[in-house]
Ligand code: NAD
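One chain comes next, on its own, written as structure tokens: the form predicted on its own.
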Amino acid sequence: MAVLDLFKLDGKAALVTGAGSGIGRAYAQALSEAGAAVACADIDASSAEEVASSLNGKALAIETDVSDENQVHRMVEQTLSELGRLDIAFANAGIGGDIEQVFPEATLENWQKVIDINLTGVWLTAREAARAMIERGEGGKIIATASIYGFVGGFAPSPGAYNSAKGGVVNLVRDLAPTLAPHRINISGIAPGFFRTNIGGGLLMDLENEISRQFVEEIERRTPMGKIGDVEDLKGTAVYLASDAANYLTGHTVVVDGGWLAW
């Protein structure tokens, strides 16, 4: 097989949670462009539908709250029913939570909501996807969205929940790799640095706001490549981890951060 053919996803079916915007939208686009049929899941049904209808290949939209066990189960079942198989699952859905809450004044309610979506939601998505892949018996790829804050603490005051959840995702990927390997299921993670998305209330997108502008300038100063990432920068990594090119990679989280962790 020619090396570029390893990256093709023709005939594959993929599921992306949090596909309605930001990084999830970029993942869905990348997988579709590489040839996969894509189930676009999001808690916002209209956003999921908008993304699914914008893809050139076969796609569907599924309204899903990834913190709800029954909804995650139905999400995978609908994917199997409408796409006929599940080869690739991106456990991507996440929230920033109320970033204005700072530890130790942060509330348990804020902590629990972030953990439920950013960590438990990843676990539920991975579990249901793995069950479907094991039953089919042809292996598969599971990719979780972590963060650079899965490896280091934040440089600004924090509630503690987001970074803790992302650290959990990094270790969940490590922990599940030996369990899933005998079933020919690879599990990996992508740890983005700072990207312009609506997470955290769209803080990095609102450059008309003086606080946001100062925050962006500080991030760019601390980033060796001198800029905030564009979600397009994640598409190649997503396709690589979902493809046969990554068949011998499991248990690792790939960092895409403009060099932030290299300092």
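Predicted, not measured: the structure shown is a model, and the values here were computed from it. In this text, residue numbers run from 1 along the sequence as written.
We do not show the form predicted together with ligand NAD, though everything after this point is about it.
- Item | Every residue of 87, 188 and 246 near ligand NAD in the predicted bound form, heavy atom within 4.5 Å | Zero of three within 4.5 Å in the predicted bound form.
- Message: Tell me which stretch of 128-136, 144-152, 99-107, 180-188 has a heavy atom within 4.5 angstroms of ligand NAD in the predicted bound form.
- Response: In the other structure, the partner sits against 144-152.
- At the 4.5 Å heavy atom threshold, is residue 192 in contact with ligand NAD in the predicted bound form? Yes - in the predicted bound form, heavy atoms of residue 192 and ligand NAD come within 4.5 Å of each other.
- 4.5 Å heavy atom contact, residue 54 and ligand NAD in the predicted bound form: No, no contact at 4.5 Å.
- Any chance residue 197 has a heavy atom within 4.5 Å of ligand NAD in the predicted bound form? So residue 197 counts as contacting ligand NAD.
- Message: Does any part of residue 65 reach within 4.5 Å of ligand NAD in the predicted bound form? Heavy atoms only, please.
- Response: Yes, residue 65 lies within 4.5 Å of ligand NAD in the predicted bound form.
- Task: Have a look at 76, 161, 93, 173 for me and say which one sits with a heavy atom within 4.5 Å of ligand NAD in the predicted bound form.
- Result: So the residue touching ligand NAD in the predicted bound form, by this definition, is 93.
- Though the partner is not shown here, which residues of 20-36 have a heavy atom within 4.5 Å of ligand NAD in the predicted bound form? Going through 20-36 in order - heavy atoms within 4.5 Å of ligand NAD in the predicted bound form - the hits are 20, 21, 22, 23, 24.
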